[in-house]
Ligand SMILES: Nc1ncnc2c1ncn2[C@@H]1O[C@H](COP(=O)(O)OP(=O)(O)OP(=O)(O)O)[C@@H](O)[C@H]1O
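The chain that follows stands alone, in the form predicted on its own, written as structure tokens.
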């Protein structure tokens, strides 16, 4: 497709939202059409799914049901937002995508990684980002300052340590498609590193 697909990944509290906003502003200043989006929740259906999977009131959701809900969000998101924008030649900058589903549902929830990967690929039509930026932050630093935790954030330190490790494992398997940076450090330095990598991918 003629567009460019950039995803920011990492644990909760890694600073993805800040860098996503900065990247989108820089791209727009350079004259590119940019779609800023996120998962889960950036469709009408996805907003309902996001409430179900993150709200504490949903109670004890079985990991299989949780994975299916995230897959449904991704299927609708790619269909409604991501693929149309890419086909129109736009730059899509997304907060979380398939790697989050694999890291959280496979490593975090201790489910079979190949099964989760297969489910995610089926839901998204195997649409792969051109670049995935992983902002890596130690678990105790990322969540230590938060008090109002959602279902995923309150899953415990061991859960989030497994998630963090899996993000790094995914990046190590395809270094040409990943950029791993230390999150919550110098914001300007992180922004510059992301810009430099994205610039090599722009037409």
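Computed from a prediction, not measured in an experiment: that's the story for all the values here. Residue numbers count along the first chain shown, from 1.
Quick note: we don't show the form predicted in complex with the named molecule, though the next part is all about it.
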Would you confirm whether the three residues 3, 99 and 130 all fall within 4.5 Å of the named molecule in the predicted bound form, going by non-hydrogen atoms? no
My question is simply whether residue 195 lines the interface with the named molecule in the predicted bound form - judged by any non-hydrogen atom within 4.5 Å. no
With heavy atoms only and a cut-off of 4.5 Å, decide whether residue 136 touches the named molecule in the predicted bound form. no
Taking the shortest heavy atom distance, is residue 23 within 4.5 Å of the named molecule in the predicted bound form? no
Does residue 190 make contact with the named molecule in the predicted bound form, using a 4.5 Å heavy atom cut-off? yes
Sequence-ordered residues of 15-45 touching the named molecule in the predicted bound form, heavy atom within 4.5 Å: 15, 16, 17, 18
